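Presented as structure tokens, the chain that follows is alone, the form predicted on its own.
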């Protein structure tokens, strides 16, 4: 990256951000924001001049989004499955017939690194254009040692080439591949005995995730994989209670996972466990919406229990082909009944916290990385009010317009 410039954003109508020092949402009206060496220096009025300025023309400024749950390493979309769902088939029925995650595996296994890098670069361009400046990105469409390592290498290579920050997660436990259908425990052993050591030696992944769900990985299998991952220094994340109460939220709490994701079917016991563990609940309303379902994650019950809540897209080829965090905020406000300020915090700072990045990104307090969005909007409520049509004027990554 080129030398980071000094820059002052002038004529900001409204700058909004979570303030970690005060543990609250904060808004500055009619202000300026100075940036130096890629970091926020100060927010206020009549700041010292810098060589470069960006006139915000009285519009809204927010932190860049932190999308803490995505699956971007796949070759082709799954439009045929979308048509089947329109015809009445469920996600589970499609998966049982050989679709779903299984249908994406051959594409990743056969694709070259160069093919996947080119595709993932384009997807990161799209994320960035929609205001996402940090993205957690999972492997999980290879499901053998070679293809999982290839997927993680693709993420590492793209991270080197692209302005967006990518946090890689190993998701070899995304599904049981077809060759292990009759012996799933052998695949679990493969993950523990061969995949995880190889992933650790590669040194790209920062987290390990497991899809704990009926037909995928049981609680006991998930516990074994995640406990092994922890011995290699990987952080722990978990797909939990997406379609049924599998007691996987309790497992996430037991392991003190960084994040338990989905939670549409979480039980009262699961909520109590998460509330006592410090595990963040990452909610993915785009998945519920895209699958045509109506049972959204119980935001109000989770929030009442004092659980910190992140929002993410779950971008993937099958169950949530959505990259727009502004649209996710709209869904969260409309269907989860999240207050607008809470939705912004969940889409920025809490997502960063689930990735261990809360001191660097997800807010705009002095010292934070200058990842921010200049909107063609006047107020925060206009983001969900626009329902996917909220116009972004400029995205800055480390203080550089991208």
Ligand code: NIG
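Quick caveat: nothing in here was measured; it's all calculated off a predicted structure. Positions refer to the first chain, counted from 1.
What comes next is about the form predicted together with the ligand, which is not displayed.
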| item | value |
| --- | --- |
| Touches the ligand in the predicted bound form: residue 242 (any heavy atom, 4.5 Å) | yes |
| 4.5 Å heavy atom contact, residue 127 to the ligand in the predicted bound form | no |
| Proximity of residue 211 to the ligand in the predicted bound form, heavy atoms at 4.5 Å | yes |
| Close approach of residue 289 to the ligand in the predicted bound form, 4.5 Å, heavy atom | no |
| Option touching the ligand, based on a heavy atom within 4.5 Å in the predicted bound form, out of 207, 187, 82, 91 | 91 |
| Residue among 298, 235, 177, 318 with a heavy atom within 4.5 Å of the ligand in the predicted bound form | 318 |
| Listed range touching the ligand, judged in the predicted bound form by heavy atoms within 4.5 Å, from 162-170, 309-317, 251-259, 270-278 | 309-317 |
| Any residue of 128-155 that, in the predicted bound form, places a heavy atom within 4.5 Å of the ligand | 141 |
